[in-house]
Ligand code: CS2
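Consider the single chain below, provided in structure tokens and representing the form predicted on its own.
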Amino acid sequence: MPRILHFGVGNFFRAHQAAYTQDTPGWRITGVSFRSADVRDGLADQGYDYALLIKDAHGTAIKRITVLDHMLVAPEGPQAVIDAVADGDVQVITLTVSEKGYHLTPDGRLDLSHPAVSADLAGGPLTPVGALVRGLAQRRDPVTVLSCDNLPENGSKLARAVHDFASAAGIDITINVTFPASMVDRITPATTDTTRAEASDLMAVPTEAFSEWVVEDHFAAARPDWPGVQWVDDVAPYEMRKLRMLNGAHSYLAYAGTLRGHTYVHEAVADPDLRATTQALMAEAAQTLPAEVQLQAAQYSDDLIARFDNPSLHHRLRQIAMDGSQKLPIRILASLAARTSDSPALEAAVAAWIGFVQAEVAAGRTLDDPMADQIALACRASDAKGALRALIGAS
């Protein structure tokens, strides 16, 4: 039976890729965690099955996900992860390791000076890219490696990162491997005790009814017949639409909403001032999109507001607010750079992030951000706003 190997078995994967594969006969998934064993242990205790709670304004439907049948934990057994990448039964390797999990420089290359990357090159703990390189070098069969993270040009960036690591490590990859781009979309909050009680399942995952997956049709081996996937030659327009409109609006609401005392997305978007700026931000971002998706932008904006309004989802703003230094350049600054006219709503998003991190540092809270130390230092500068803008590359 063909198998998918997935790096990063968090809630989003379990609500999105696993749910699609659940409806695809003949495929199974092996998961890999690069951090703790908590998810593996929780899922193993219930045979790797879990409840997916699909929530909309009318209530909750529960879908049982049974397609995941094994999990590896890289710190416990790095060679087992490498062997899984090399396994000929694995036809597709997918990743949801977040933007920071790729350890990229601002120009999209692998950051060889990053402590995690340099440690991996020296034989220390595996990074996702390092695991791929070592396993791909041992493979005899073609394979597809599919990034499902919110990175523009995620396929080509992952391919370059693999090449950079292999070159630095002196490792040759000789088999046919492709790195298609993809765009994924399904709002997926963190699991809470309320979620677990509602599903009578400790590993339950909440999500919305909407789901979208656009994938570049460039597979080296067997391709799962995922139902509902849009197979395209060029993912970039869809990817840009989602990153600049949905993710950009989400980031603005996360920072501005938290500053105004809101906890959840549906509360923040119900705030008249925040709602108006959110709609203006999406309109500004839409003007930067390619023509083929710009015509869809007005309806897409309306649909996003309806999704944000979902009162059943309880998507915490602080969940979205994490890793802002990695997200804002992609979600907000890219739109600003593409515009030639005033952009007050996009600038409001940058200002909201600055206000948020200043408030967190002033309150003595540790930021959930890979640049937390640099942000804290910038907050203490005489021109804190200027220092913070420079930190994320805002002109």
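We number the residues from 1 along the sequence you see. Here the structure is a predicted model, which is why all the values come from computation and not from measurement.
Only in words, not in the display: the form predicted in complex with this ligand, which the text now covers.
K.L.:
Among Gln91, Ser325, Ser98, Gln319, which has at least one heavy atom within 4.5 Å of this ligand in the predicted bound form?
P.N.:
After the contact test, the surviving option is Gln319.
K.L.:
Identify, from the list Arg134, His250, His103, Arg244, the residue with a heavy atom within 4.5 Å of this ligand in the predicted bound form.
P.N.:
Going through each option in turn, the one that passes is His250.
K.L.:
Heavy atoms within 4.5 Å of this ligand in the predicted bound form: which stretch in 227-235, 271-279, 164-172, 177-185 meets that?
P.N.:
Of the options given, it is 177-185.
K.L.:
Since only the chain is shown here, I'm wondering whether Phe12 would be in contact with this ligand in the predicted bound form (any heavy atom pair within 4.5 Å).
P.N.:
Because a heavy atom of Phe12 falls inside 4.5 Å of this ligand in the predicted bound form, the answer is yes.
K.L.:
May I ask you to check whether Lys55 falls inside a 4.5 Å heavy atom distance of this ligand in the predicted bound form?
P.N.:
Lys55: no contact with this ligand in the predicted bound form.
K.L.:
Looking at the partner-bound form in the predicted bound form, is Thr127 within 4.5 Å of this ligand by any heavy atom?
P.N.:
Although this ligand is absent here, Thr127 would stay clear of it in the predicted bound form, with no heavy atoms inside 4.5 Å.
K.L.:
Using 4.5 Å between non-hydrogen atoms, is Asn150 touching this ligand in the predicted bound form?
P.N.:
Contact with this ligand, yes.
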